[in-house]
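Here we start with a single chain on its own, the form predicted on its own, put down as structure tokens.
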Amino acid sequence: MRPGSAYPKMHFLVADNPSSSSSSILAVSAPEAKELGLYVHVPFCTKRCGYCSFNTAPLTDGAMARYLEALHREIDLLGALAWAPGVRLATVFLGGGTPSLLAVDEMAAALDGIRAQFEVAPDAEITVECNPESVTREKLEGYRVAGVNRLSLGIQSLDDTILPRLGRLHDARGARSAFEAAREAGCVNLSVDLMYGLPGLDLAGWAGAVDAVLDWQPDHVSAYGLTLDAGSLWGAAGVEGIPAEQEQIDQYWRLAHAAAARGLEHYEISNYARPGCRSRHNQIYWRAAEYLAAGPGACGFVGGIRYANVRATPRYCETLAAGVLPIESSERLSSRQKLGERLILGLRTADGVPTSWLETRLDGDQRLRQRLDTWRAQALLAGTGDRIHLTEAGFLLSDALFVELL
């Protein structure tokens, strides 16, 4: 019954090595849309958190410079694709890792390089994920001047007994200081990340953190339940003290009710926003729209092709030094896959999906139709006009339905 994870698992057809054939997949797969998103993966972390299964790398001497040189080459190669002059970037999202390890001049150079190769919309949303200990007001002011207009602060917890166990390098006071520094730097679109279901976290502790963060008046809150994913330290070794399932559900509902009382819209399973402050970039994912990817391990979706870059940062750099896009795996989605993913991603959101999409998927599948009828009867699924969506209670059980929709 744990609430749905941040994003559905994706599967790829993997090539043994990047090559001219794998990297040229983008050359023959022009995007269907004229506006795209761009995800840039910055892999470096000062310390890897126990729960993290993302693609990270240690920040050794010279590693950042080598990575940035490779990133600039990748952006140049993407910009040289024949269809690139005909598209515009509506969003740019720098995730990680810890993108806020970039110095101001490095951030500015990266964004300038993107603008040199692509048309970037005048109102483009440009987001940077930040860890509290790696930012100052001066750095964030520099980011804003460079074009960053949205920040996502990885607070995760305000419990000074839990934070070190997670592997976080800030404390509760540092989290609040980072939030204030972002506001003082002129950030008017500020998101905070929290985690529930953490080892040693009870409902009272979670409620205190929720109320404290909401008192800061963030524009957006992302809250993820702990999952012990493969590839994380905790996933491999296990961890003690994880709250019972009902406790995690209670923590989910505590935030949902508190956010609603403060005027935040629960617009996606794990995300809440003030009016007008939804994450535009993440909505590209949830709408199964198209986006480019850059950086080691980054994944993109263009022209019906889903692809992923090589994960290892040294190999990523070596591949680009040879003048080849570092695409390691790609998959052309079938009509059934496209429909299944559109349903799964769309049902993660409060907007839901067109009823016609669901009817297409249900055609001839009486068992699944009966399952959905049961969900409607249990008020887990609701319809409004020509759209259908999960209710707040339905969000809690979404993974069970998503498996059947694929």
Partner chain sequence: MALRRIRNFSIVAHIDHGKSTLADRLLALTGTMDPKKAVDQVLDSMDLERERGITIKAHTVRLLYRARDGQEYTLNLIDTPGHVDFSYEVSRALAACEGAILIVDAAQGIEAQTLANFYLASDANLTIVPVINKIDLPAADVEGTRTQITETLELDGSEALAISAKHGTGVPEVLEAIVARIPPPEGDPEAPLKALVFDSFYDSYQGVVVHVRLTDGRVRPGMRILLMSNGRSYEVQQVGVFSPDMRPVEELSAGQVGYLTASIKRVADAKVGETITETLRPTAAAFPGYRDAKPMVFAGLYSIDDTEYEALRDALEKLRLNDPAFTYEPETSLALGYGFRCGFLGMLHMEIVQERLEREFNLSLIVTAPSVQYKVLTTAGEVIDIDNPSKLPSPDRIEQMDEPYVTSSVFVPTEFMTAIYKLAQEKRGEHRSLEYHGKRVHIKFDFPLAEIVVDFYDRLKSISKGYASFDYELSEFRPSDLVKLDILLNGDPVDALSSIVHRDKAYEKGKALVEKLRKVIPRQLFEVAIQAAIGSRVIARETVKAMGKNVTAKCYGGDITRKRKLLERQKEGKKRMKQVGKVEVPQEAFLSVLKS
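Residue numbers count along the first chain shown, from 1. Note that the coordinates shown come from a computational prediction; the quantities given were computed from them, not determined experimentally.
The same protein also has a form predicted in complex with its partner chain, omitted here; what follows describes it.
- Residue contact check for Asp229: one or more of its heavy atoms lie within 4.5 Å of its partner chain in the model of the complex.
- Proximity of Leu36 to its partner chain in the model of the complex: non-hydrogen atoms within 4.5 Å are absent; the residue sits far from the partner.
- At a distance threshold of 4.5 angstroms between non-hydrogen atoms, Ile269 is in contact with its partner chain in the model of the complex.
- None of the heavy atoms of Trp234 is located within 4.5 Å of its partner chain in the model of the complex.
- For a residue to qualify, one of its non-hydrogen atoms must sit within 4.5 Å of its partner chain in the model of the complex; none of Asp76, Leu111 and Leu325 qualifies.
- Screening 133-141, 330-338, 77-85, 164-172 for residues having heavy atoms within 4.5 Å of its partner chain in the model of the complex returns a single hit, 330-338.
- Just one of Thr319, Ser157, Gln248, Thr91 comes within 4.5 Å of its partner chain in the model of the complex, counting any heavy atom, and that one is Gln248.
- Contact residues in stretch 265-300 (any heavy atom within 4.5 Å of its partner chain, taken in the model of the complex) are Ile269, Ser270, Tyr285, Tyr291, Cys299.
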